[in-house]
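This text opens with one protein chain seen in two forms, each one given by itself as structure tokens under the names structure 1 and structure 2.
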Structure 1
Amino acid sequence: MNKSKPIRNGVITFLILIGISSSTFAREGMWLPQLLRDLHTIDDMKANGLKLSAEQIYSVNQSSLKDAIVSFGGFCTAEVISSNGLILTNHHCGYGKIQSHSSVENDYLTNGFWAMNGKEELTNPGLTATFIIRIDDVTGRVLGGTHKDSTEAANQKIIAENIKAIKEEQKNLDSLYGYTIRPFFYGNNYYMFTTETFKDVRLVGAPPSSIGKFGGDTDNWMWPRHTGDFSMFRIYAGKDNRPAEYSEDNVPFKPRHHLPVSLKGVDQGDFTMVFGFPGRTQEYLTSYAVDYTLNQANPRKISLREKRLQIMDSDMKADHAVWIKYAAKYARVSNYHKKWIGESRGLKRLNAIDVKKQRETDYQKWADNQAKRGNPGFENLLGKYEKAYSTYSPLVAAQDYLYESAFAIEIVRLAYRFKDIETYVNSATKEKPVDEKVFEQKKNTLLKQLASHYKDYNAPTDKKIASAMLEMYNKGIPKDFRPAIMDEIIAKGYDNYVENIFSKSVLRDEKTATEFVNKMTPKSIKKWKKDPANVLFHGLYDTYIEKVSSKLKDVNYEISLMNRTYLKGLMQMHKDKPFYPDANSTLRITHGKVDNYNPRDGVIYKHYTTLGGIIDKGNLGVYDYVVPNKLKELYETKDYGQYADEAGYLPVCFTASNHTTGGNSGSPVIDAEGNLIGLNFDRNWEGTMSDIMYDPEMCRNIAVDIRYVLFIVDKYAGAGYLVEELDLVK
């Protein structure tokens, strides 16, 4: 049991908030692994307990930690944990693949799945695992030929050409690798990532959802947490150990490095680092942007999703078949709905707008001074932001209404799928008539999309959502971007208008839709043009394309150029402060420590949870808390084996102060010696504003303790042979 108080160092928080973090204490930051030494991040890490050298974390000459980290399918992270290519990621990352192997007879989502030997592992067409071979600075070449007096659009064109040329050159040198070049610091820097992508990644095991998704949406983004959010896969390679398309002859990949697994457990204050592929953060936004997010974008998106979730929820509760169809959709919509609520609260609590304004006032003083000293270009920026955001705001509002309200209507999204074939037929000329083969291909794609749409579709729910979303759309869409079709909708009344679509459109049911597409010829596209679902789709979408999208692109260029200048200025202004680039789905390292927190007055949350907590939640009778009997038995008999803590309990999850975001799911939490101690899968609700502003006192990542993972594999699933594959550190 831990009674220590959380760190309450107001001075540190203050320094960090005003942007001058004292580097020794900094927990904030998602650092590029090749720059740990240059930016002295490695010194911070060592001061906080790290026992490894920078070279042991990232090296292009010898095997290092980075050789055990993969981008899993491009949307999550996974780590190699055995010399036979075994990788570990989250259950929610493997979910789609686990689902794709599931059927009523073999329901792996409900019952879990465990291969008891290599032969039983399941193939996953389309799933990839990508290693980073090396990272190189290519800023000079990428920016070559651009000019500060040219328009941003012209410069971006040159940059795109340069990137293409560099990649082609690399491909000619070594075609076995992939090459990605990405902008950092809003385009002040460019780095190239040399990658190796494996395409034969097989499912090894997954716990039942009652363990892997325990707590569901009720506990999502929350602490205390008890989710066994993990699944295991294995990377296969050709006989030469290089990437190969799936083949029965492929063999388990021999990694350059795999993480040893520590059973030593975690204590308050222990050093931790998380290595992975964080998706997107915006730490350098100005007060104008934060104001916009907090006062416009988040409330708008939250209320649109709120309405949609309410409708789904009541239909799901009324009919179990609907519940099954909409469970995954509901989870997807609710994930960010809940995140934005937490983010807004956190930004308010931190007074983020005022903090940013203060930073800008300081910046302005510095910029004016620089101009006087012969370093101009930074001084007239802030006024421009205000103007740019007044143009930007209504444009993004229109975009939000398209994505979060028009496209929240499933039948509209389905109509959008026809756009490709429609455009193809419309663009045919005498010289270049419709090619039968291409047309058939497009029809087949469409048929597949229809099947996947109707598999999890309930028209009455969609109908209710359609009425509600159109009404909110009409109320919220900025006047200048209001589509003409709105007048017609209002004249008919929302319900009547929607009723007409759901009774007359060929998309009204699967049979009609499939027949229609099956019989479709280039000529019958005319009929599709008049289909009421398509009329609604075009009515909303075409106005967006006409009036919003290109203007939005322009103002985005303008703002991104301003951000680039602002950030360049900030970096000059604070020459001694190391800056980390916003997350952009590239490999990053973040360090912190195992840490509890103080969510609100009078409450301290411990840094760990135990199996006892699962049993307690199970007794509440809440749908998201269903405990499998086998797990209850293991709890009763206390059969925890080598996975119990010294104090005798079985650990489940823990929190640490690593700066993470979406995409870090599945990332390893690594101890001071380089051993795996946990698997990252979430953040705490009170800390979700860390994508915009990190607070060391409140922001925590949530990991499942590796001992719980192995306990489930060994004791619950009886797949102990997998544990034998690991290098255990005791």
Structure 2
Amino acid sequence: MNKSKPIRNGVITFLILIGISSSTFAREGMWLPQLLRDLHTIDDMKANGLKLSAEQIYSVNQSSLKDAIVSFGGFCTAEVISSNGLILTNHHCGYGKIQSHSSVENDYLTNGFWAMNGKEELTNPGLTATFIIRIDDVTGRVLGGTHKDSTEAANQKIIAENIKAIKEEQKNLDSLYGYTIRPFFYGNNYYMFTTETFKDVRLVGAPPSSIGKFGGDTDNWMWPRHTGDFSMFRIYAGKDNRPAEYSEDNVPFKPRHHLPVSLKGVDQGDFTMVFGFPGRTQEYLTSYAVDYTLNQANPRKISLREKRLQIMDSDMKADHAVWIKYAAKYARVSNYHKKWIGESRGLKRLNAIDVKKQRETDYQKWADNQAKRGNPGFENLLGKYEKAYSTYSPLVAAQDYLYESAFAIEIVRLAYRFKDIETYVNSATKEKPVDEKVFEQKKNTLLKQLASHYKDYNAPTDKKIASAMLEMYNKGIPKDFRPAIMDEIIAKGYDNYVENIFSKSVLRDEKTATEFVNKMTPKSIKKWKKDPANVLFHGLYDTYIEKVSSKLKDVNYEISLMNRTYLKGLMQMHKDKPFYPDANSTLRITHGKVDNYNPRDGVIYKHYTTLGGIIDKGNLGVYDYVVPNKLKELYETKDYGQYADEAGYLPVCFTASNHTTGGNSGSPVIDAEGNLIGLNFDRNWEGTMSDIMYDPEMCRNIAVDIRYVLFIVDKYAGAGYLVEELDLVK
């Protein structure tokens, strides 16, 4: 258990800011687990069916649910499901690692992978599993010494120094843990997370993509869903059960808590809790921000990604080797392309801009009244927003075109990798010349990046994307931020310009690039400066840095300060309402219930799907609906074992009303008694606007039923020994 000194404040600032209402019941919200009791959220959860205490969910002094929740690689969630460190997450969370072990000869993406004993488990350098040991309110200490009459720059300097001092103090007490301090409510509050990170995480099993990715992009963000979106890994530790670098001598980690697995199934109205690390939400945006998102940002990014997807899809269908290389890339690009489309539709349906404007009208009346009562500082805020967003819009457009079109060209992104070593050599002086040892280290890093890049690269595909993206970049970039190099590109023609890069750049193939870097010296870096891929990179990137970056940073900072004031005012305006902080990749709890929904007039979606639906989709002949023969056989014989429901059907997925977002992928769906009933992996398309505005009638998280997971492990994969590791609740 953590021996670090607890951080305590005499008054919990969070509670003073938001007020407390024990009568409020809301399934909306991503709540900090240590505040469930203080905010009376636990009372709402119990009213909704929860049988656990707040201490059983989050505790520092004893084993609790939080000790089974894992930040998987820093981008997904996983949960510990056995006393031997077995963890469960989504197939799409483990996809990159599954792909890294795959080849044409051993295609684990297509065929799946199952270790039948510990020796067959596959190592994954760089993959981490992080636990939260404790969460402490450090608001008082972080803000100590700041003053409302001081400049923001002066206050931020004090805050940075305070954060550094707190973290150093904790490291001196226990250096084996990590310490992260995050702002909440745009800097109105601060919390410190004490973490324990394991670095030896091994792949145990994954179903074939025809199961783990069933439905593919056709079904992504959609319901009804029939995806067995799961994979299994195992955490290894040193013999002292503490984090250790990979070693054959490492042993399976013994967790403080692991989740029992329920075979009892789910019914409509059952309590559900999702515990995980949601990435980012923006629930308190103003109408100016929502208007920009809906009418400018989303349409622009959707259009750019749509073109890339068309090109990748065509090449992937034509060549299976390209499909293996680009499967993960395509999924990443497609994911938010489709999400933005659904988000825009949802915001329009909810009249989000008008709703936000009405809130701002009420806010302005309150602010004017506060100013009369001697509480100024809020009354001129909305006018400042309007001015800030007029500056913000073209700057972000320039940024979007850099990242969504210029950096969509892989050879340009690879050229960016050389920037570090190039900058290092260029910064050398007579007094401080290039250190050969440092130079060699940077070369070695670059060589590793080259190997990683070319493993999953197809130059003909990248050439097509380059021509298309440069054309869209030129047509869309605001005139004030248009790079001069675009004149040269247009004069030569997009295809001819791109052909010149791919025929003359040292990055045209792995052999040439690797030989170039191996022979590279500080003097020969001058040759790299003239490389056509590098010329294009700098032509686009340097203009962004010169004309956009600092201005955008300033206006973002300005808007962030306004957001802090706006949210502080909202909290004062609604003192009887508990406010939850926006997601920021920290540990959160959401609660709801298993439920169906009505997406449009005359249509009601049930809350569950079954194996029969997979067979039905398989008969449609759609590319994304390929059903493995063995799964068909199990369906025909109804060989479901202990995993069928009372009516004899095999459940696959279910929906619930938990408020989730990216980062919640892989999060456990937990029942009222603390048992694992499902694995969160998606949201419904009609509810993707929940990052900005939550609609309890329409927003649904999508989970794979744990019974389907175990059925695939046991009956399909023949890895029943893994089921024997679990504590099954029947």
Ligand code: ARG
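Here, a residue number simply tells you its place in the sequence of structure 1, counted from 1. Just so we're on the same page, rigid core means the largest C-alpha set that superposes within 1.5 Å between forms. Since we're looking at a predicted model, the values are computed, not measured.
**Q** Here are two forms of the same chain; which is the form predicted on its own?
**A** Answer is structure 2, the other one does not fit.
**Q** Verify the C-alpha shift of residue 509 between structure 1 and structure 2: is it 2 Å or more after superposing the core?
**A** Yes, because once the rigid core is superposed, the C-alpha of residue 509 moves 2 Å or more between structure 1 and structure 2.
**Q** Does residue 162 move its CA by 2 angstroms or more between structure 1 and structure 2 when the core is aligned?
**A** Comparing forms between structure 1 and structure 2, the residue 162 CA shifts at least 2 Å.
**Q** Could you check, with the core superposed, whether the Cα atom of residue 246 shifts 2 Å or more between structure 1 and structure 2?
**A** No.
**Q** With the two forms matched on the core, what distance in Å separates the two CA positions of residue 418 between structure 1 and structure 2?
**A** Reported C-alpha shift between structure 1 and structure 2: 2.8 Å at residue 418.
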